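Shown next as structure tokens: one chain only, the form predicted on its own.
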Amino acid sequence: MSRTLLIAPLLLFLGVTYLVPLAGVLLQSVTVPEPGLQNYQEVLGDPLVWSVIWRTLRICLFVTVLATVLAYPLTMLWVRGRRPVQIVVELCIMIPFWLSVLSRTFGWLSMLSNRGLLNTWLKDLGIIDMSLTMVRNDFGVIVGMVHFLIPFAVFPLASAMRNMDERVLMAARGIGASRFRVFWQIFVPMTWGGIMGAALLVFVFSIGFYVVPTLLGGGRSVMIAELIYLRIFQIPDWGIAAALSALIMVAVGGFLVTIIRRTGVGSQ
């Protein structure tokens, strides 16, 4: 009874901040502009919505794979590197959390734009004659999202690597296995739970990204969050926006439950 009383304020807070707005969105999806399921029918029958959904999924999958792959060696240096290396890597992981996503996105915008630093350097070195288009497209969006999400992928990987049984690695080395074989056949499988956890975390975060796609996509690489924003504040059509939000939430939730059950991430 005492434990229930202790967590009751937290449950109440979560209920007010999550469940009440969620109930409001679900209610609007079937009542605005009039009661019925016409909003869901319109969303599911709109080719524009489907094109945005497929673009969002494609970008999010690219971002998930790249962020997880790049975070893996970074995490190894943080967990298993020498102490000076660990300090440097830890700063590289922590400092981005002190900067706003808006500041980092404008930084990438100044770096990747046609007159940005990267194109200027490439022209000065004689590598290119014309500026490369690296913003207002999927490439710029992926770069900005990967940079933002790598630190989030590090923590599940670090947890898996720190909880490994070092005796298994030592035993493999003791019977003559090469470092390469130990890494691919023992180390990576033993951190599989962390890999899946990092991938799921990155994927969930990337689905709802708004600032990075809006600025680096420049209106040409619209993702689902930006489409919902446009439906709310520019068209406006709150019923369609609510229905779209509800469908994405259900789809992502179902996908996560399926992946977790099939991979057993929660049990590792």
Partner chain sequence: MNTSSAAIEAVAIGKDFGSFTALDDISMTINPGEFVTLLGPSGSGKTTFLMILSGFEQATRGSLLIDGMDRTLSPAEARGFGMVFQGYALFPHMTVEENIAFPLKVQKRSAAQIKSRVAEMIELVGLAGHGHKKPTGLSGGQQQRVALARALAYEPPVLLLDEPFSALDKNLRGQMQEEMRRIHARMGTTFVFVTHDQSEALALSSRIAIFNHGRLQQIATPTEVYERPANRFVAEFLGEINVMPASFTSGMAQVGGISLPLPGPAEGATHLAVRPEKMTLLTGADATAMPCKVTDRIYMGATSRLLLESTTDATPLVLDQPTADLPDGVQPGRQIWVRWAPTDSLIF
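Numbering follows the first chain given and starts at 1. Just so you know, these numbers come straight off a predicted model, no measurement behind them.
We do not show the form predicted together with its partner chain, though everything after this point is about it.
Student: Contact between Met130 and its partner chain in the predicted bound form at 4.5 Å, heavy atoms?
Tutor: Flag for Met130 set to no.
Student: Any of the heavy atoms of Asn163 lying within 4.5 Å of its partner chain in the predicted bound form?
Tutor: Although its partner chain is absent here, Asn163 would stay clear of it in the predicted bound form, with no heavy atoms inside 4.5 Å.
Student: Is there a non-hydrogen atom of Ala171 within 4.5 angstroms of a non-hydrogen atom of its partner chain in the predicted bound form?
Tutor: Because a heavy atom of Ala171 falls inside 4.5 Å of its partner chain in the predicted bound form, the answer is yes.
Student: Whether Arg80 contacts its partner chain in the predicted bound form should be assessed with a 4.5 Å heavy atom distance threshold; does it?
Tutor: Arg80: no, not in contact with its partner chain in the predicted bound form.
Student: Where, among 111-119, 71-79, 94-102, 187-195, do residues come within 4.5 Å of its partner chain in the predicted bound form by heavy atom distance?
Tutor: In short, 187-195.
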